[in-house]
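We begin with a single chain expressed as structure tokens, specifically the form predicted on its own.
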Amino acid sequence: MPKVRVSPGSLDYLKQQLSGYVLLPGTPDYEAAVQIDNGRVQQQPTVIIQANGEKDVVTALRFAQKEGLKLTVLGGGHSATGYCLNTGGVVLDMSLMKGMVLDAKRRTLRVQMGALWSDVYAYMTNSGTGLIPVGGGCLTVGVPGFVQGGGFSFASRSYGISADNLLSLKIVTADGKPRHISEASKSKDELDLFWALRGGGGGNFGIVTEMELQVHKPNTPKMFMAQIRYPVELAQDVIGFYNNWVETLPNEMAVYGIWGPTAVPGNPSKTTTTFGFTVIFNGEFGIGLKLIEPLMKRNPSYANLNHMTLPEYEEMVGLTTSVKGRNAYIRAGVMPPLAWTSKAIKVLEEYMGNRPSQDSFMVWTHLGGKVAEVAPGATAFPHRKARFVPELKSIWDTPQQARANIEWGFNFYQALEPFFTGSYVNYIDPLLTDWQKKYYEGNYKRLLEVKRKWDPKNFFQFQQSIGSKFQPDTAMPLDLSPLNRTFVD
């Protein structure tokens, strides 16, 4: 893109209006701000505005509109493809806004939108209440995008997705007005907007500055946790058994899957490829141990058992699936109950066996329980009947390795697609065809109506925003340009 220039006078005026900061190219703070979890993303915004409150957010929005610049919002920096950044526009960096207030009696947490889940877990632990949020499994994920896309937690089978636990929020809409909305809002338009912000994905309708979240008292002060790993030769037997066995589990137990590199027990400097499960039971240790006996009888390579609070466990395992600044291409799908058939497992075996980078891995979420008790149209998140949500992370180091790893990840997804019913917007993928239907199913039409009402000039937009007509060209060799941009034009 051609360089976009903003006059020194405009920048000086902007700085005078802010309690936060303006970051410009060529400065250390700017360079730090554009480094997100996925190191593949290289974007150069004209200006980064670090907001220090709602008033700064309004100022940033009006500055971008006055200067004719596009704007994106940077929360935790875990956008799978980097849509939180852009080249040539304004990036609104929320990282200074981390304030939190807990009402232990009402079991509610008000949190500003610069907070990461690590900040929330630390705050909740320090509160001494034992209350937990329905938060992310990766510590460095930001709260705003996570919740707006739906948000899966180790506790979701007990308490629903994160968006189900969103009680109210503050948002600055495209007209520059701050609003406080919830299901108690009197206006139909505000009720529609609140509906859309629970599963419609971040960056579409406005800039959320604060959320009020329901927090919960777990069934026991500490939970049963386990990590179990198996040699890949047992995949057909173990995952085939798991596919049916999880249907017998209580809502209090979630059993996530993983396939990828793990440290060799007793020699952590070496890795080997295994598959296995992360188990979280919201209840007594002994009951959890009894429930996983069938898995333990299927010849695991090893198992780690823990008895701790959920925030403590998040701190222990919460960085294991982070890209940590390396190059990544991320794909995901949504699978119904009993979808890990022998044919689906065979696809896993084939592609994980021939992956060009041994650092690439797949994890999958285990849903159901309370998630499935909400109607698909009650919020914008439609995948209420899903049982598993596989997320593939293809990871590499050099530009020369990019095409082989991206095309491997792309083909892996295509081979699994017959077993999918859709995809998950928080793992947004620029190479996903028919993405409007796969992300939103029957809710897309209503999302379009909300978008037209609240953002009639389409100010909040990106390549796969609500209302975009973009579709990728998936002919081989793949056109990789959609991975390298935020805006279509």
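On a predicted model such as this, the values are computed, not experimentally measured, just so you know. One rule holds for the numbers: they count along the sequence shown, beginning at 1.
FYI, the form predicted in complex with a small molecule isn't displayed, but the following is about it.
Partner contacts here mean any heavy atom within 4.5 Å of the small molecule in the predicted bound form, and among 424-432, 44-52, 441-449, 22-30 they occur only in 424-432. Using a 4.5 Å heavy atom cutoff, C84, G137 and V208 all lie near the small molecule in the predicted bound form.
Comment: the small molecule is not present in this chain, but in the predicted bound form one of H78, R384, R229, H216 has a heavy atom within 4.5 Å of it, namely H78. Among the residues L109, A196, V334, L74, the one placing a heavy atom within 4.5 Å of the small molecule in the predicted bound form is L74. A residue is said to contact a partner when one of its heavy atoms sits within 4.5 Å of a partner heavy atom; D37 meets this definition for the small molecule in the predicted bound form. Although the partner is absent here, R157 is not a contact residue: none of its heavy atoms lies within 4.5 angstroms of the small molecule in the predicted bound form. Taking non-hydrogen atoms only, K393 approaches the small molecule to within 4.5 angstroms in the predicted bound form. In the predicted bound form, at least one heavy atom of F152 sits within 4.5 Å of a heavy atom of the small molecule.
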